[in-house]
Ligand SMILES: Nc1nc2c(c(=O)[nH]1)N[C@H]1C(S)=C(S)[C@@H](COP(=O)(O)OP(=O)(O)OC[C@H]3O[C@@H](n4cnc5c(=O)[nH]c(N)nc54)[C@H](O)[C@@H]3O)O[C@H]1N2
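What follows is a single chain, given as structure tokens, in the form predicted on its own.
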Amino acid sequence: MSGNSDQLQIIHGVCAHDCPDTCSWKAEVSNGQAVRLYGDPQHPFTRGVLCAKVSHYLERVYHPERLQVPLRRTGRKGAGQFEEISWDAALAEIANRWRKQIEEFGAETILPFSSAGNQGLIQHSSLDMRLFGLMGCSRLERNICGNVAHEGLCATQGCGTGINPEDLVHSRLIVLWGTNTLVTNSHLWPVIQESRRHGGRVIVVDPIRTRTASAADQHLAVRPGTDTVLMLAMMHIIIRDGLTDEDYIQRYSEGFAELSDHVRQYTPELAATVTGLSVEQIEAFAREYATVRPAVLRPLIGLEHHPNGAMMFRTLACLPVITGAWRYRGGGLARSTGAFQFSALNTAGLLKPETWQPDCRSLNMRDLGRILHLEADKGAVRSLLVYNSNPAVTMPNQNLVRRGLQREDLFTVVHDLFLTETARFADLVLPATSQLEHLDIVPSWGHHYLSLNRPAIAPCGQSVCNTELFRRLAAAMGRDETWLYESDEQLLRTALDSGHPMLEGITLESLLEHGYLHLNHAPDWMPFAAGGFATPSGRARLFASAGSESGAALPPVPGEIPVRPPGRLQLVTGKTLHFLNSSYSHQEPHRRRAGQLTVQMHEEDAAERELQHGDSVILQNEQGSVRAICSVSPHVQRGVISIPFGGLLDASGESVGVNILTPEWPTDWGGGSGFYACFVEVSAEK
């Protein structure tokens, strides 16, 4: 912090949105008011630039609709009618309802529901996990994003670790597989461009011609969900043509003979019929990947939202093993760095799992709609506490979720900055702080910097951060365990006190001094250059039979590929520049920038349905219907349509989300949701 004569202070902070970039920022504060927010020009990854959303973050902090006081519902659920109440009254009501409910039905009928709406270390999960674990409430499986990919990678590598994304500057072939980097990971693009200036090439594998695909050197428009077949065909070609790294395979892997036998059936000709790519494209792609050094695979979220998402990642992870790509700086696989950062932190000390009630049931967040419709004799959820999340928009089968939230016997509390779609169904709404108003450390899942967020301004109105909310709830419930009341500073010190070599020299004091610090490893750190995989044998598992200790295998056929029902189109969604999931979607300037909800459709699919560009259309299936504007586009392939995720206005001017249409299709492993196994009919609006 620094000041001058006109009382201007500069406070260092960091964005905690669910984004891999985890941007470092600086807030200028005058007389207690934040007057400017900008990207930290000294941060090696942020480089002084904030995204189209966060560059307007002060509009969010000081928005006139920002919640300032606790609210109690006065109208019907969903109507958004509330009255102001005091914090004491709100906490007393929560405690009274929970005590009665626990006495009559048990603590498992209380479900805390949270996700990654705030990715700060302690505001994401700390005292909440301690309190609800101690009480014996239902546990939430937060697997909607990340876990499927992690499980798939672990089946091959034993862990989800990849190379440092900043090392893509050394790559000479970068394969962006199912990730729209320019929109969802924009601060990586300058790294990629630096690679291109030194002769690197970029190939995008994606069903949609995204902004990133258009900016790449080559776009391979694979059919949705068929990526595993393409990967197996690549291995077929690499092995057939003797392009493997035999030394690396022999030293650092197991199961290569079985894998070789397995991929013989996945000829380029077979893969072409499945994936929609030509034989020539598949052959050239495989040979280029196997011969260019260093070559890196960069997947993020897209692949895991298919029903066979874990198998996609398990198969993808075999490629850099058989080619020896891990040997080279800038080679291998680069996915999320989140698990890598968390593995260095003292998460056990932070969460204290040894204090949790044993044998409590776990409920998958993917199934929230069904969970809220459980019958009384099957353990119906009777209380829902929502924070860091907006499940009425972000969970599949949105209509079923909202019908569950309408239950009069369901006591719902929401802690948020705004009256979100979920909060409109709540009995009590509690005001939350923004990132400018609380202390935290934010690990990144897109780079190797650990960043400190210092509060720049006092909490607006009566808003409180998550940790303070759970301290107040613990007191209201009469808990006297001292570790339920630890300060934010104590929690952060505990998390950093791990003894892990990657955190050597990283303390709260050093973060206060510098704002952010790089994990403590050598600049040329390469995780698997000489093997060292996190499997029991220390070798990568190229093949593992069912029932082995890995619990995962490359089966006789690839993971399930959804079959399109006759007359239906497969719906694939993507993020926009102006919203982050449902965040910012209530702000009119962002809506204007994003425009009206459109559905991109291939010209032949449009012609079959007698649709023209600009027509009002209805997308519908068993889950519900959405109105949109038809956009006949060369960016989508036959049989596939694309609409943005959440926040936009439909043809009637109402805010809609794509999850009205998505089913709760489970993934192969990892407990995730196959959002892209969504098939719809599209017709002209009558």
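Being a predicted model, the structure only gives us computed values, none of them experimental. Residue positions are given as counts along the sequence shown, with the first one as 1.
Keep in mind the form predicted together with the ligand is missing from the figure; the text below concerns it.
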Contact of F645 with the ligand in the model of the complex (heavy atom, 4.5 Å):
yes
Quick check on D206: any heavy atom within 4.5 Å of the ligand in the model of the complex?
yes
Looking in the model of the complex, any heavy atom of G178 within 4.5 Å of the ligand?
yes
Does R314 reach the ligand in the model of the complex if we count a contact as any heavy atom within 4.5 Å?
no
In terms of non-hydrogen atoms within 4.5 angstroms, which of the given stretches 306-314, 481-489, 191-199, 609-617 touches the ligand in the model of the complex?
306-314
Which residue among S253, T337, N453, N118 has a heavy atom within 4.5 angstroms of the ligand in the model of the complex?
N118
Just to be sure I understand the contacts: of G162, P224, G446, G404, which is the one whose heavy atoms reach within 4.5 angstroms of the ligand in the model of the complex?
P224
Residue by residue through 413-443, tell me which have a non-hydrogen atom within 4.5 angstroms of the ligand in the model of the complex.
H415, D416, L417, T420, A432, T433, H438
